[in-house]
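Single chain ahead, written as structure tokens, the form predicted on its own.
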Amino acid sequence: MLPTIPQSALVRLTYRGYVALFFIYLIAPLLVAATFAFNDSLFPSLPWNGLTFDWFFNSTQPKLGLFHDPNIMRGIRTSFVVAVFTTTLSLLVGTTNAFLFERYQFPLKELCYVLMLMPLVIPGVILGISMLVFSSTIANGLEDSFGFEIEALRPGLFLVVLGQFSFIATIATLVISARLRKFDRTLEEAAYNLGGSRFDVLRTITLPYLKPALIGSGLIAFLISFENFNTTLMLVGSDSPLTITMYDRMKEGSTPVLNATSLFLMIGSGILAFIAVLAQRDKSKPAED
């Protein structure tokens, strides 16, 4: 709805009601999941048996809390390690891709750009299966031909990182490219004229300008990696990230400890998302005389 166009009271009321219902639709499931994390019951459902923090801090069965559950804590650590490696690779490649597509002309540039975007439109399950089949084919061929096994090409954390990196790097590229596209290159030219080397100009001018995009894309990459399920499910080995651990626990029977874990993820994701929004804001102001 455009605020400059006169609207009747009925239209404005309908629009506001639609927006309210939309946000209720988004938030209500999260509130229900978070509420049952505090229910003094062995099942995440009604009736409400009273308020408790056992599903976070209790150290004994049957109400083993989130911070005392070894499987869930191991899953959190594994997800953190995978997210750190995925984010680091995505930022390095994303920054390189941004400079490549924004600063240089080369044959088949448009085709390469489309190929870079393809992982975003391929379903995560298909992406994971394709990578698993490809890596397994190579591993089997090497084993049959030369008689040695490459464990990194079998399901495990290495493939999980590569699988997530294959599409998260594209997201990082788009975020950094959008920032780089608005950069005034005359600042670099002035620095070169003053005797600055290419590395000095990159370190003191270009990268500081890209800092909001680097921070924002890094936080987004970390969140997407930490909470990824579809691609991870196809590539995981014996060390399960948190999302796979929660999925396996659900098959055994859900308890409020999963609600507590979900609330933990909501809070952590919300904090990182808020930091990402702040980092994306351009705080630079025009110089005043």
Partner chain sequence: MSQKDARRLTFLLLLSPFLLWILLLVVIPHIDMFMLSVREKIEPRVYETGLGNYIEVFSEPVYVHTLFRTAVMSVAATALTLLLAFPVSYYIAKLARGRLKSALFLMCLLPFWVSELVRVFGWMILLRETGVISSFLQWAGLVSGPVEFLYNDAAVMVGLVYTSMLFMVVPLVSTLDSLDESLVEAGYDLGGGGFAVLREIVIPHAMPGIVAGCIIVFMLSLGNYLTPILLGGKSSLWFTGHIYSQFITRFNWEFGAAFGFILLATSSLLVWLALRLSGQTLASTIAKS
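Take the two forms, find the largest set of C-alpha atoms that superpose within 1.5 Å, and that set is the rigid core. Note that this is a predicted model, so its numbers are computed, not measured. Positions refer to the first chain, counted from 1.
Keep in mind that the form predicted together with its partner chain is not shown, yet the notes after this line are about it.
Student: Mind checking whether each of Ile27, Met116 and Ser130 has a heavy atom within 4.5 Å of its partner chain in the model of the complex?
Tutor: Contact check passed for all of Ile27, Met116 and Ser130.
Student: State the residue from Val84, Leu207, Ala190, Ile122 whose non-hydrogen atoms include one within 4.5 Å of its partner chain in the model of the complex.
Tutor: By the 4.5 Å criterion, the partner-contacting residue is Ile122.
Student: Just to be sure I understand the contacts: of Ser197, Thr137, Ser145, Thr186, which is the one whose heavy atoms reach within 4.5 angstroms of its partner chain in the model of the complex?
Tutor: Spelling it out, the residue with a heavy atom inside the cut-off is Thr137.
Student: Tell me, yes or no, whether Val19 is in contact with its partner chain in the model of the complex, where a contact means a heavy atom of each within 4.5 Å.
Tutor: Yes, Val19 lies within 4.5 Å of its partner chain in the model of the complex.
Student: I'd like to know if Thr78 sits close to its partner chain in the model of the complex, meaning any non-hydrogen atom pair within 4.5 angstroms.
Tutor: Thr78 lies outside the contact set for its partner chain.
Student: Check Met250 for me: does it contact its partner chain in the model of the complex (non-hydrogen atoms, 4.5 angstroms)?
Tutor: Yes, Met250 is a contact residue.
Student: Any of the heavy atoms of Phe38 lying within 4.5 Å of its partner chain in the model of the complex?
Tutor: No.
Student: Using a 4.5 Å cut-off on heavy atoms, what residues in 77-93 are near its partner chain in the model of the complex?
Tutor: Heavy-atom contacts to its partner chain in the model of the complex: only Val93.
Student: On a core-based superposition, does Leu272 travel 2 Å or more at its Cα between this form and the one not shown?
Tutor: No.
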